[in-house]
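Next up is one chain by itself, shown in structure tokens, the form predicted alone.
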Amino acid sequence: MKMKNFRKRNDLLRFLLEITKNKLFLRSIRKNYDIMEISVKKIKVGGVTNIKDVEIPMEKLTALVAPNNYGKSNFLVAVEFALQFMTATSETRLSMMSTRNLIPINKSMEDAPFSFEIEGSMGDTRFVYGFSFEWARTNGGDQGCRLVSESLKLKQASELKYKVFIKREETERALIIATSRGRCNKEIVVDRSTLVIDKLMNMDGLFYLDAVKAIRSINVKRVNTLENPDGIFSSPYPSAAMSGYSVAMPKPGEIGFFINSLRHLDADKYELLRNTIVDLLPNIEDFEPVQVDLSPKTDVPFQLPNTYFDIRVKERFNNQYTSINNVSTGSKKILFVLTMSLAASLNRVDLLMFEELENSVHPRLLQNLLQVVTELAGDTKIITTSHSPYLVKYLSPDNIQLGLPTHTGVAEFKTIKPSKVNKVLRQASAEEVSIGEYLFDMMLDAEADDEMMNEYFA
């Protein structure tokens, strides 16, 4: 399909419509999986770093917006940590419960256990699953490093109330529902580092086993856009996975390999990605992935990796193609973000977490980038951290979670009350500043003004 630069709103809308049509393809890819698709609705974490109790609703695109050191990145790290914990071995979990850089040391939460709860849906089934554990302690005795609670609630979309399927309030004892007509009263024995869902995975014939499998397979990826862009696209030491062709979720250094594979395995998706990049970045006229053979011509005692992947880029004012590493940092980041978004959709990633999505992106490109990223990601939910006032300008208030200062130094995120949105817009206009700049001023003033907190934020 031939694309034009996004100079007019109608051009962008037509382009987004064309991407939307491709969602049928993305859904067909997902049908190849045996597990159910998950739609994440809400995530709650606590007892980690400076996060005491934070609950974030998940929209199609959610932004955690705050100045530095307000807990934005800590939330993403905690979510990734919790999902890894759910599928780890018992031995690994014991080690994770001693992760020094995540243990809270804030005076107001120094004894708080780590807690995690995720709410979502799979088809017509709604679920709420959570667990908590005590961190390792050094004050003597056999304390800490133990699971202390776990719960699973399920209901159909047509039902009003959840039904409890797992209830654990002791370290080594829990109750479950064993039959479709039973109650949550069958006792099951677990140990300090074993989750109940581990035990249920071995119960063939359990009537809600598919739901348990789906919850354990929730796929979350965290992408750090602050990484060195020179190492994003190609690695001089390719992994074993970088052989043949594969569109599996790429790791750092494998973007060149992924795009090269995409061109060979799915020409339509490759052209979609290519056209998106060329239209978002007018300075780039064309690009193509290349595979360079570095095999030695003679026998040598030590052989370096013999395949190198790169992306060759033709910029508007250049007379030849050059390596992607020669273009601007912002252009590299945009290509990286778009590629990861498409890869997330192809690989059934349920939640894609970006560290500062707008990093190195010109504000004039940011609005188009946000729109295209959400479309390329398909059914994948996206959450990003940001300390940029510009990002606020292009998002609905429902999509923005604002980090607010507290008297205790713990992280707290709130949204603007719907009834106050118009007032905030009027006040920002009266002071001749952007809505983002006005909100940042409000966030910084909120600690000293409890009345403002109560009036504007919920």
Partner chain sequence: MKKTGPNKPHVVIFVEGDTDKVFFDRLIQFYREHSTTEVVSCEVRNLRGVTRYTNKIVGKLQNDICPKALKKGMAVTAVCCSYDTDVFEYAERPVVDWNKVEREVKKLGIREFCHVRVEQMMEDWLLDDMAGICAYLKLKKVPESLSGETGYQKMQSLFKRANKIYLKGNSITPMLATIDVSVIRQQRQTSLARLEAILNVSI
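Nothing here was measured: the structure is a model prediction, and the numbers come from that model. Residue numbers count along the first chain shown, from 1.
A second form of this protein, the form predicted in complex with the partner chain, is not displayed here; the remarks below concern that form.
Of the listed stretches (169-177, 361-369, 309-317, 255-263), which one has a non-hydrogen atom within 4.5 Å of the partner chain in the predicted bound form?
-> That would be 361-369.
Contact of T374 with the partner chain in the predicted bound form (heavy atom, 4.5 Å) = Output for T374 is yes: heavy atoms within 4.5 Å of the partner chain.
Does at least one non-hydrogen atom of D268 fall within 4.5 angstroms of the partner chain in the predicted bound form?
-> Result yes; D268 sits at the interface with the partner chain in the predicted bound form.
How about D279: is it within 4.5 Å of the partner chain in the predicted bound form, going by heavy atoms?
-> It does: once the partner chain is placed as it appears in the predicted bound form, D279 has a heavy atom within 4.5 Å of it.
Mark S396 yes when one of its heavy atoms lies within 4.5 Å of a heavy atom of the partner chain in the predicted bound form, and no otherwise.
-> Within the cut-off, so yes.
Contact check for L61, A430 and S434 against the partner chain in the predicted bound form, heavy atom at 4.5 Å = The answer is yes: all three residues contact the partner (heavy atom, 4.5 Å cut-off).
Pick from L272, V77, I284, L83: which has a non-hydrogen atom within 4.5 Å of the partner chain in the predicted bound form?
-> In short, L272.
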